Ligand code: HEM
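Here's a solo chain for you in structure tokens, the form predicted alone.
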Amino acid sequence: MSNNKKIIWQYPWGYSESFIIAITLMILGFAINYISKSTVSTIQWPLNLFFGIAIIILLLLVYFLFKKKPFLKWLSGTPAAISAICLYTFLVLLMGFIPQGSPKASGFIHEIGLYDIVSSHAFLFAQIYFLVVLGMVTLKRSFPLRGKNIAFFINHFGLWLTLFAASIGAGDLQRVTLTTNKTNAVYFGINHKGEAIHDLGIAIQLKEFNIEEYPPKAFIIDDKSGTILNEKLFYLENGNSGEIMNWVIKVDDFFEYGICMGDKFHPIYDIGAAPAAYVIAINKKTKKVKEGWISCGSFRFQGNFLKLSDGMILVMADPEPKRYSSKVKIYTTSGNVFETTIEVNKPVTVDGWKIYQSDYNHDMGKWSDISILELVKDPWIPVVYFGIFMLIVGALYMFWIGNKK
């Protein structure tokens, strides 16, 4: 009886060889990170364009010159594809389980690159392996380009183009924080490395900052430790009433903007004015009544609280923002000057920059005299979107062909 058991590394290669190669690439990448104590540097325009064109030409040449070789047959086969997908997916999953970019990262895990997987050599090798295998699989099924092969090509080339453009275009992605004010237009920002970027091509001046807030909440706290004693939420709105622990609280009067004069609050709209409420608190057990003004205060005026009993006081928390936006004036290098409003999750696009509302001066709250914006520019994003569009079209075409048959 003959023994037909396949010897490893004997063509045709299968899953064993494929996963050994994938695991070796990952271990090699981590080892390079550990030995060199460095991460992968991104390349920028126009070098990344030349590099991308060179890779495409090289893939085409290798395929058409060596497509009948056993190695190329393995590279465009199912085992190589499965191992490449598993390696790429495994590293992506690690990014979800291990905090990325931690400033306090140290030790062996940090040195092999697990705290910054995207910049690790292991992730670079996984990307190259995945793109090469996907490229070879796509080329293999592209000839002859008709019928079902057309749908396969559109779908898989769309995926390849999306990952390829996102990879080589990473060095051109700019993310800048710009702090605007009402005094003058700001033309520079700070990147993630803390470096000042002066060639933004636009300048932004804050005209008006607006916040819509939820009604403030009332809490009973321990006057010594400051610990919140109640779990049930109670909103301070005019005429509202409810129970907090053993106390029945009624809001007799409420001002969204109030200033204390003497022992009473008055409805005055002025810089630093804070919410104020006149509350009546009745203890359900002892029937004791406490009443008075409470306010969260602001950067300009002191807050106020109501003492209920020994060790317990009723306080107002700072209102939580519901939405906030900035009305800004934007200047461009082409000479255009216009005003627009930037809201959270509603960015404005100007000269390739997507401008997002990011933050504000929390100490001043609704009276903030600055607005912090985030500017993002990614010149490769149209290519990525085109790849996603091809992927979707190819998938729909494949469903249509299957349904037709």
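Just so it is clear, the structure is predicted and the values come from calculations on it, not from any experiment. Numbers for residues come from their place in the sequence shown, where the first is 1.
Absent from the display: the form predicted together with ligand HEM. The rest refers to it.
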| message | Is it true that Gly77, Arg141 and Asn155, all three, sit within 4.5 Å of ligand HEM in the predicted bound form, judged by heavy atoms? | response | yes
| remark: Interface check vs ligand HEM in the predicted bound form: of Leu206, Leu114, Ile220, Leu134, the one with a heavy atom inside 4.5 Å is Leu134
| Which of Leu314, Leu159, Cys260, Ala273 has a heavy atom within 4.5 Å of ligand HEM in the predicted bound form? | Leu159
| message | Based on heavy atom distances of 4.5 Å or less, which listed stretch (196-204, 79-87, 318-326, 298-306) is in contact with ligand HEM in the predicted bound form? | response | 79-87
| Exercise: Leu391 in contact with ligand HEM in the predicted bound form, heavy atom 4.5 Å | yes
| query | Any of the heavy atoms of Phe130 lying within 4.5 Å of ligand HEM in the predicted bound form? | reply | yes
| query | For Met398, is any heavy atom within 4.5 Å of ligand HEM in the predicted bound form, or not? | reply | yes
| said: Heavy atom within 4.5 Å of ligand HEM in the predicted bound form: which residues of 177-208 meet that condition, in order? | reply: none
